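Take a look at the structure tokens below, where one protein chain is shown in two forms, each on its own, as structure 1 and structure 2.
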Structure 1
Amino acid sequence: MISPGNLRQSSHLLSETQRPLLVTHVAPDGDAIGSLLGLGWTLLAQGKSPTLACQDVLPRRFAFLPGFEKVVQDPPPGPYDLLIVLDCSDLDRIGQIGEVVGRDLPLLNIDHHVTNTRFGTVDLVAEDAVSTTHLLYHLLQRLNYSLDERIATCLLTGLVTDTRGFRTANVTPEILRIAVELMEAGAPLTTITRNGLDRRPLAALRLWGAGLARLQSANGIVWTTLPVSVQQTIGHDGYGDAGLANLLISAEEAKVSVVFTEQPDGEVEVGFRATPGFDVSRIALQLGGGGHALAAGCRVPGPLEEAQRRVLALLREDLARQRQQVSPDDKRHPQPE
């Protein structure tokens, strides 16, 4: 997960810094906040004076995390001696904070995304980590930094939210063993799962209701649309589809699911999900987007009805091709995931 060269370089930057600025991505999730705070507490324990920043307001459901209220949206001008960017596949992800910070600072890039562009002075990027906090856990171990209850709570939060509560296919026994160690250091698993996974604004539930009421299903494709007018009536804040695509793929009838979310500018955000054995990254790529085999997305021109027709036609063709390729293999995988 961490090469000796990477470890040496990261260790050097972390031991030399006195006033580091730590930044995570816009629209922050549990792993963004967990890795930001987890490394923040670690550096504080090492006698450093870290500043923690995120351009967007942190979702209130993470207020249980120690240090939540210390994260600033507009970091003071400094001076800083190191920029640490957490959980970002490229530097644009930190938003406008990137324009404020001096470009001449050494930059430590800590991330686990397969699409990371290696934008750091030192790139501590581990694609085999299930979360950025998973990578941080290994870094702390290798540097012999000790865990306390606060750090463990932050690290477990990223581990839990990025694996949807240990539900993704990359959860090995090692991940559960780390979870045990973090719990024994004081991390409250139930509080983390409850706040990180099982809480959402009423408006998100109403948006799901609107989407589910318009549910359609044919040929293994389950889909729905979210017109702007519906989003406005509900008072949805526009954070994508609020997880509706993940819900749709849970339908037993679905090989692939799609949510078409109309944008105020008339474009349509398309979120794809697939069940194991199918791949939606190719169609997303073909339409100018990207992603993984089981979760991908793109933006296409409106109007909504036309976008829906066009994407579903492409998807039907693509699925028919995939089915032909997949079927002979099916029998060799008696327990598909």
Structure 2
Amino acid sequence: MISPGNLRQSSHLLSETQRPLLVTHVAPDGDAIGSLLGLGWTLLAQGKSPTLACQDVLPRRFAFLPGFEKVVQDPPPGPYDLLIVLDCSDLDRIGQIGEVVGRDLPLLNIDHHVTNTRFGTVDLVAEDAVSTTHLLYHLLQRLNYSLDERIATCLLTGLVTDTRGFRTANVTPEILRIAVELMEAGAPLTTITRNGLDRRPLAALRLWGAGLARLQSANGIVWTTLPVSVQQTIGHDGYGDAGLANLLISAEEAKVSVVFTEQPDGEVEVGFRATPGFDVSRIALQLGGGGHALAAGCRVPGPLEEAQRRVLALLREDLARQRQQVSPDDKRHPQPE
């Protein structure tokens, strides 16, 4: 899973740093937040002085996580001696924080996305990890860092949310054993599952209703659009599609689901989901994004109708190639959502 050489280099960077800046991606999810806070608490326990940052406001449903209120949107100018980027397939995913910090710091890139561009001074990237917190668990174990309730809660949050409650095809007995260990350290599975998977703002449910009303389907692709005007009418001011793409892929007819979310600046956020045996990371990477085989995304230029037409055309071509290459009894193990 983890390259011994990269592990040694990562260990050296973590042992030498005193004032690291930890950053995760825009529109943060449970794995991003859990990774950020879990490593933050670990470094604090080692006597370090980390600053934790994310360009976007963290979703309130994760307020139960210890240290939630310590994450800043605009980190102070430093000085810092190490930049640690968590759960990002490329450096642009941290948004404008990268421009503020500059690019002259040593950079530790910790991630599990198959499309990671290896942008770090040291790249601790394991594509077979189910979450970035899964990768951090092994890193902390090999470095002999002890788990406490705070760290365990953060790490289990990433495991639960990125596997959709241990339901993805890459969940192994090892993952369940890790979950048990984290629970024994004090991580509350029920609280994590309820807040990380089940709770969402009322505006998000209204957004789902609007998206379902515009639903279309053809040739195994189920898709919908969320214009800015619809989002404004509903009062949705959250991130992306509020999990709508995950809902659409549950349709029996769906091999791939796509949600096109128009942004105020005219660009369109595209969220892909796939059933096992299909890979949407390739089309996302082609369009400048990234992710996993079963869950990926990108941003493309608008207007919305043109973006939808162009992306669906590329997606149909790519899926046709995949159908020719993959037999129905394909036994590949897909990447996590």
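Since the structure is predicted, the reported quantities are computational estimates derived from the model, not experimental observations. Residue indices: 1-based, along structure 1. So that the term is clear: the rigid core is the largest set of C-alpha atoms that superpose within 1.5 Å between two forms.
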Assignment: the form predicted in complex with another copy of the chain: 1
When the larger rigid part is held fixed by a C-alpha fit, how many degrees does the smaller part turn between structures 1 and 2? 17
Core-aligned CA shift between structures 1 and 2 for Arg309 (Å): 8.1
Could you tell me how many Å the Cα atom of Glu262 shifts between structures 1 and 2 when the rigid core is held superposed? 5.7
